[in-house]
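Before any questions on how it binds or moves, here is one chain, the form predicted alone, in structure tokens.
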């Protein structure tokens, strides 16, 4: 008995020493605190925040503290200064207005804190990295949309455009306006109202403008929410009742995509948030790895054809993000519980060593149980969610490639499953499976749908007859085209 007792005593002592060393090693591992200063809490920035949270799951060594300025330059500068006083390891800033917030960004940079400027660029070079969209390019797309809308009108008179702009001092509002104005012909006259990025503000100022001007030919808004507000104002205005005024937004987030699908607005320009790229860049900076200092994200036009599959992809990603958030919360709760148990152990060691020896047995058992739960429940869920997100991104890229290939060959009579398989470099079986997954249709049904959509556009925008359109888009006969058209749209085709 004496030998057994002595052996148990040594086992517990060495186990305690090992646990202490393990805890010391854990506490010395690098932990970085990142401060995030968001200018507002709109839908676009909520998407960016979700993307950051998702990417943070891959970086357990980093924590994120977020503060929202609610559109106030003064509050945002004060929040940045508080992050400086707290000596965060890295600061992410999405400025409200560039020039107003720039001094606070400069103070953080000069204090030795790496600063990532996201979305809205600040002037000068006292920042560590920038990640954001090309707002001048967005303006060029707005000009392109206006020119195309002008061509669709046959009346020979000045073309009147109403621009619903964001905050006057913000970089996006300034560059989008400049890009648009640089791309417009002389006969286009632009009136600007200030929507301040908010749907309700846009509704009010647009409705007031429409009541005073009855000759607006097109509306462009600096974001989707203001475009939706403008559409509501247009519907409310008695002067414009029954008139079709094309409306374009910017962002390509869920409310805008839904508005395009519902026919409230005509199109939108993508403006990527890429919160995941912001966090990945932060990790590179904190770990001393190479990183790209100036990243300008691509922007493209989204029409009614592209909006529906993008909306499906977006909704799928948001469901995955909500699940990831739940999994992350569960994981954090278990780790906090584990840390609490460890603290209890070491406090007991100081007070009663004998009680501590008994507590070690309990805590070791508790640790193993919790670690087993994390290894067998939480981590597999995280890996499954990450795999689902990667597949969702691949599906989005395939959907865009598929759409472009079909659009490029709508008038090709040889466009069929075999030729589409060849162009996409996959077997028939792979093609059926992938097309069905991203569109909900088979390849031939998808091709026919795209031809019917293009046929409807030709009937509405050109002088082509039904027979000519059927022949142009490779239908076997006008009768078959008419049958397909009626099944898809619910009425017979007609020249408008």
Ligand code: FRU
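Positions refer to the first chain, counted from 1. What you see is a predicted model, and the numbers here were worked out from it, not measured in a lab.
Note that the form predicted in complex with beta-D-fructofuranose isn't included here; everything after this is about it.
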Completion exercise
Only one of 426-434, 444-452, 36-44, 58-66 has residues with a heavy atom within 4.5 Å of beta-D-fructofuranose in the predicted complex, and that stretch is 36-44
Practice task
Flag residue 197 as yes or no: does it have a non-hydrogen atom within 4.5 angstroms of any non-hydrogen atom of beta-D-fructofuranose in the predicted complex?
Solution key: yes
Handout entry: Interface membership of residue 172, beta-D-fructofuranose in the predicted complex, 4.5 Å heavy atom rule
Key = yes
Practice task
May I ask you to check whether residue 120 falls inside a 4.5 Å heavy atom distance of beta-D-fructofuranose in the predicted complex?
Solution key: yes
Problem - beta-D-fructofuranose contact in the predicted complex: residue 223, any heavy atom under 4.5 Å - result: yes
Exercise for the section: Counting only non-hydrogen atoms and a 4.5 Å cut-off, give the residues of 238-255 close to beta-D-fructofuranose in the predicted complex. Expected result: 251
